[in-house]
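Starting off, we have a lone chain in the form predicted on its own, written out as structure tokens.
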């Protein structure tokens, strides 16, 4: 561990004795003390007591200006009164039923009206389930088996997308992208059906898709890659992927679980490139567990049970439960075009101010992102793909993340984050000023 990281960790440990105690208690009953990989960071995570608007408070009483906002999902902030009211109201009526309710119709209407690619939609309880079902639909619709994904792209934890997500630098073939398992005993048969392509590389992506065109069912990708610090794809790359998939009869799936927050119709509206299917999660559930998948009617009809039975079964005890549906409707109705514009303008201001700080301090850093999303990378090289990200200064990033915690700023551990409706210029200034302090002491 480098000395700059160690100093920040020592400060953090001194501020969080209550979290340390709870971590040790949690480790007795939970592997590593957690049920969620992204909730853990070294030396241990801070345990949260409460949240309000743009802030959270940990069990030691430390308040943090929260730019993680539960992995971008809490776009209306913590403990939003309107969301809380409908959750309480629905809880009094019943939290889940074995039959449908009007609430799923209401939220489905909003989403199908807003999202260019979505004629009909089905709800799940996580983005993982959404991408799983979308890929299953693509395979059934095309009669093909293989999928194409981006190197470093994350689409949940099911087998066919858990390939080449976080490969180490040493495992990468320097000459080409390959399917690399996420765990040592992952079946070889899974890797055989996954083609991994480099982000923003038209020539190589074209070659790999063309060579496998008769066996590829779908391309699944984030138009704004969350694990790259919210780096948007080049528009010509998006247009190319749309053209080649259309020409070869391949289903194009956009994972908009996180990017849906950049415009009323998501990144596909912002960039003007429309996929065949879209997967969703995060903000559409109002902070409750949620996922969804939707798309062209002819593809989604594979799930229609009304004419003698569905081609693809899709069940789920808590799918479209009314608590989630009503909470999601509150969020969607609150996100007007003016609200998106305000958040996106503030996001652009934040990214520009962070760049100015790094230039002022003569620190090699790149600031990525679009709309209300941002990411920070300690490198002099531009960020275009996974290999650019994995070759950044990891010690600086880790020291920066912990240092920002010590300044009362919560980011994702990868030094990325998102704004919410409560974000204002004061919050941006607080983040930027804290970044300046941290960089001055860790560079």
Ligand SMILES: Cc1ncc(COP(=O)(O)O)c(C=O)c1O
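Positions refer to the first chain, counted from 1. All values derive from a computational prediction rather than experimental measurement.
The form predicted together with this ligand is left out here; the points below concern that form.
- Contact with this ligand in the predicted bound form, defined as a heavy atom within 4.5 Å, holds for exactly one of 229, 127, 286, 266, namely 127.
- The contact with this ligand in the predicted bound form, taken as any heavy atom within 4.5 Å, belongs to 282 out of 144, 136, 282, 122.
- None of 252 to 260, 294 to 302, 317 to 325, 74 to 82 except one has non-hydrogen atoms within 4.5 angstroms of this ligand in the predicted bound form; the exception is 252 to 260.
- At a distance threshold of 4.5 angstroms between non-hydrogen atoms, residue 290 is in contact with this ligand in the predicted bound form.
- In the predicted bound form, this ligand stays beyond 4.5 Å of every heavy atom belonging to residue 369.
- Mapping the unseen interface onto this chain, residue 156 counts among the residues with a heavy atom inside 4.5 Å of this ligand in the predicted bound form.
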